[in-house]
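A lone chain, given as structure tokens: the form predicted alone.
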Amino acid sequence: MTYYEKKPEKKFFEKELEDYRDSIWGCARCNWCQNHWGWNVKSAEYSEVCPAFHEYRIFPYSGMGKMHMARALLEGDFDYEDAPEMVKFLYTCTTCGACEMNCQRLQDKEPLQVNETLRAKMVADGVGPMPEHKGLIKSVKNYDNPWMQPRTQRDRWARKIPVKDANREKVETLFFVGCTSAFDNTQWHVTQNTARILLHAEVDLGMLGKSEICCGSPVARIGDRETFISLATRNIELLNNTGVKEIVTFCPGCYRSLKFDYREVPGVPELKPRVYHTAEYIHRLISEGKLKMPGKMKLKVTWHDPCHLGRHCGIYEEPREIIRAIPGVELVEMERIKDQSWCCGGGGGVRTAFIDFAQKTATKRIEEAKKTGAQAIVTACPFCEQNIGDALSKMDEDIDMYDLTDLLIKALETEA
């Protein structure tokens, strides 16, 4: 095959390093994978965008470094025994996508996709993932969730909420809860808020309860393609058989998997229901006049863009418009927002394998939020809330952490 010959079309989960040869060799070493996009920079303090390079300060942690490691493996310049630390370099990446966002602007290269393909190669070769990830993968295989929790406990959060059982009743809208917020009782407020908000708007809502299984996002990002493809295949069949018209989920990892990643799995049917993130769906309800917030609060907040919701899926404006629609709530922005947002530090398996680094990254986000004068950080991702919330609990700061649905519930319950 020559350089100019058209490459065969492949879906992401069947691609290998060879499919990214042009992208790998085309790295210009421009360093925009590490830096906040120049036109958006407001200060030197917040001029970087790659958490791993910011923390460790050597190039293998950057998108550029991943490109050169991929090139060396592709061309046989070295093997795993030459650089055993390469596994750490690859997995000390939150898969936030900032490198790819900036590289796409300049050169149409794909450092994040290259990194995830490198991870898949390492898993296939038996070199990766990190030891801490192996228990997570084993749990997904054994329990259909990454947290070693029994399936029978998946619907505990909903025992006092009248959500229909989509296994037995016909419903129009399915609430895909996700593993973290189903099993972690510190996250139940989000699941319960979401259900109550949708029911308040008279949405015909159901859930799979104990029958729901992991979307596969954690294992996909870690690089275990075999397990991910198995989960995707099972989920597509399960969800299509419900007969629902639409699926709502608030976890950005679930949203990306259902809406985008499943399309990139070779040889599986199409997922028939339309998939919405909570922010999209609630924004639509407000726009159609089906959800009104009569109450008025007095609160100044700043919005943290989850990487998998923003850069990965392109949802930036809907949550901001929801916040502006709540009477009395003022939105103030941090310096790094939207496609240049600073990661919470918890994605891509980093929180599992490198908790200290994850917390340092979250602390930097909190410090940035403080400078806005906001009374609270608001987001819409269970991992962002966990990681930033944990870091915040260790700091003596007068700033709160909310999920977007927390604000909506307060507005619905506050008297006009």
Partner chain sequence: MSTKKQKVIQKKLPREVYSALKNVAGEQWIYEQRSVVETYSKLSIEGGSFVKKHEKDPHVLPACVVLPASTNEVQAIVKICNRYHVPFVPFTNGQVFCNPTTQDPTLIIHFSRMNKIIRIDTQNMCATLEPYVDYGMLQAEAMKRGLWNGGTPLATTLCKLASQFAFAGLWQTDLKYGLFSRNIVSVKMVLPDGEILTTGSRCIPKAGDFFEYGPGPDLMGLQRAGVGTNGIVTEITVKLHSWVGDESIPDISAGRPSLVDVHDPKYDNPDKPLKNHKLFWCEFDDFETQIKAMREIAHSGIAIGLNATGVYSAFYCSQTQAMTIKRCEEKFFPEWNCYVILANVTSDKQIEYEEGVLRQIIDEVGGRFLSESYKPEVLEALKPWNYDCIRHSTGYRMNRKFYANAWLPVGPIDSAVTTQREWKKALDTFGELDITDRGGAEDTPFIYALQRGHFCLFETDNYPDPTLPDEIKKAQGFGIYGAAAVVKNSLGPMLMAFLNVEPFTTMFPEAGPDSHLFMRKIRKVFDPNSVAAPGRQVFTEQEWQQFPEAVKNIVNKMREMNDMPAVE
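Positions refer to the first chain, counted from 1. Predicted model, so just to flag it, every value in this text is computed and none were measured.
Although not depicted, the form predicted together with its partner chain is the subject of the following passage.
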- [ ] Report whether the minimum heavy atom distance between Tyr56 and its partner chain in the predicted complex is within 4.5 Å.
- [x] yes
Open item on the list: With the partner left out here, check for me: in the predicted complex, does some heavy atom of Phe12 sit within 4.5 Å of its partner chain?
Closed with: no
Open item on the list: Under a 4.5 Å heavy atom criterion, is Phe260 part of the interface with its partner chain in the predicted complex?
Closed with: yes
Open item on the list: Can you tell me whether Ala83 touches its partner chain? I mean in the predicted complex, with a 4.5 angstroms heavy atom cut-off.
Closed with: yes
- [ ] Identify whether its partner chain in the predicted complex is within 4.5 Å of every residue in the set Asn31, Phe78 and Gln340, based on non-hydrogen atoms.
- [x] yes
Task: Option from 133 to 141, 331 to 339, 209 to 217, 224 to 232 whose residues, in the predicted complex, bring a heavy atom within 4.5 Å of its partner chain - done: 331 to 339
- [ ] Using the arrangement in the predicted complex, list in sequence order the residues of 32 to 71 with any heavy atom within 4.5 angstroms of its partner chain.
- [x] Trp32, Gln34, Asn35, Trp37, Gly38, Trp39, Asn40, Val41, Lys42, Ser43, Ala44, Glu45, Ser47, Glu48, Phe53, Glu55, Tyr56, Arg57, Ile58, Phe59, Pro60, Met64, Gly65, His68, Met69, Arg71
